[in-house]
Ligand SMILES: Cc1cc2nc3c(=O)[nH]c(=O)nc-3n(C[C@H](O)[C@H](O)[C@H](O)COP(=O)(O)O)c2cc1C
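Only one chain is shown below, in C-alpha cells, and it's the form predicted on its own.
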C-alpha cells in the first residue's frame, strides 16, 4: 500500500489532506465529489477523528485509489488491454509444430507457475500487531459512515476471504460489512455469490463458517475480489496472472483462512449460520439506498495489522465514481473469456451511468437472421452477465461503443417494436425496481439491422409540443426533446403522478405524429437538461415487463419512482444525496472545490 501511495504521488495522482476530518460523512463526501472531476486524484486523509466516538485515529484513510484510468493502469502495472491479449493468447494455444514453437509454448506455460498462490507457515506483516478476544474493538478502526441514512458505519473495501466446508475451494469477494458493535459485523453477501453458497454448506452441516476480512495491501487484491470469475475459481489466480508473481498468503491466527501477507489490516472471525440480523440501509452503487434485510453476522475473534497500517475505503452512489475505472478494467480483461461463450462478439461496454449490470451495449458480427436475439439469451445465461437487465446489440458497422453520441444516433435509427425482446430472469439483489426480490423483467433491443424504413416524424419545438400535451394533461410539467433528427425522436416528460403512467401514455397517442419514444420521469429530483443523469435514472427505475409500453411504433418508458399506482408493493428506496450542510461546510473549509453547477450536474 505504501508503495502504491508513493507511485500515485510521483504521478501527481494523490492529494494529501492534513485537515481534521470526521469518519461520519465528511471523508466520504469529500471523496464523492473529488472522483467526479475530470482530473480526480486519490485522497489520503492523515488527521482522522470521530466526534461521535470522541476519538482521534492514528491510522490514515485512503480513498479513490482507482480514481482515474491512469491510476488504474499504475496499480495493474500494465494496460488492462495487454492482460486481455495475454488471456486471449492462452485461450487459443495450439499444439506447437516445430522445436522453436515448443520452446516458445513451454516458456509461456512455465510463466503460469506464478499464477498460483503460495502459502507460508510464518506470520506476515499484516500480523505485526495483534488484538484477541476482549482486546478486539472495531471502533479503533476509522470505519466510515458514508451516507446520512446509512444504518451505521460500513467497511466498503473489505477483501472477504472464505472457503468451502471441505476446504478445497477458496473465494475472495468484495462485500460491504456493517459494524454492529465492537466485535460484530453484518455480512452482506448476496444469494448468487460463492460466499453465500459456502454459507449454505456450513448451515446444512450445522457448523460455524470461518471468515477473514483483509483491508489494504496491494489495491489489485480488491479489484480481484469484484472480478466475475467462474464459480469455484479463486480470484487471487487473477492477481498472479496480472502481476506475474505468486500471491503470498499466511494463515489467520484464529481460523483456517489464508490471506495475503502484505495487507494492512485483518479482521478474523466466525459466522454462525443460525444467526441473522437486520443489515442496512446502505447507500449503494446504484445511487439508491438498499433497504433493511436479514443477513449473517460475523463474530470477530481477532484483529491484526501492520505497525503503520493504512485504512482503505471507497464511496459508492450516483455515478461517476471509483467503480467506473474498476469496471473499465473488468470489461477489457474479461472480453476474451466472454467471447468463448459468444464467439461473434466484437466488443461490449457497460456504461457507469447505466449502473453496469443495468445496461450493456454490445457490438457483434451478425451471421444470420435472429442472431442478435440468440445472443441476448446467451448473455442472460452467462455467469454474472445473467444479471444484465437491458441489452442493446449493434452490428459491426456501428460507431465505437465509447462514442455515445454517434452510437445513440445509430441505435435510434434502427429501433422498431418487432426488434424489441421483453423477457424475465434473475436480477442483481440490489435491484429495487423489479416487482420481486432478485427477479424481474429484461429488455433486449436488436439494432444490428439496416436503418428502419419509417417516415420522419413531424418535429415541432419543445414549446409547441408542451402546449399540445398541456391540453391533454395538466400533470405534465415540462418537456424536452432529444435526437429529433433520428428515426426515433425522444421526448422526456416530467409528470406529477396522479394516476398510472400507462394512462398518461395512452392519452398521449395524440402526439405520436411528432415523436416516437416517450420517457416519463418524476417532476421532483430530475433535470430534463441532464441526459447523463437521466440515463442513470431510467436504467435504475424500470422493469421491462411492467414499464415498457408498445403500441405499434409508439414506445413509452415509465422511469418514475414506483408506488401502488404502478402495482408496486415493495418499499421504494431513496436517492443517495449528500448532506447539504456538510457539503457547504466542506466548501467553506476549502476541502471541496465545487460550485452550484457542478453539484447539480451530478445531483450531489
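Here the structure is a predicted model, which means the values were calculated and not measured. Residue numbers count along the first chain shown, from 1.
Note that the form predicted together with the named molecule isn't included here; everything after this is about it.
- Looking at 199-207, 125-133, 309-317, 491-499, the stretch with residues near the named molecule in the predicted bound form, meaning non-hydrogen atoms within 4.5 angstroms, turns out to be 309-317.
- Checked against the named molecule in the predicted bound form, the residues 521, 227, 75, 407 give one hit for a heavy atom within 4.5 Å, which is 227.
- Note on contacts: among 434, 448, 183, 171, the single residue with a heavy atom within 4.5 Å of the named molecule in the predicted bound form is 171.
- Proximity of residue 363 to the named molecule in the predicted bound form falls outside the 4.5 Å heavy atom cutoff.
- In the predicted bound form, residue 150 stays away from the named molecule, with no heavy atom inside 4.5 Å.
- Taking non-hydrogen atoms only, residue 305 never approaches the named molecule to within 4.5 angstroms in the predicted bound form.
- Contact annotation: residue 188 falls within 4.5 Å of the named molecule in the predicted bound form, judged by heavy atom distances.
- Along 531-569, no residue reaches a heavy atom to within 4.5 Å of the named molecule in the predicted bound form.
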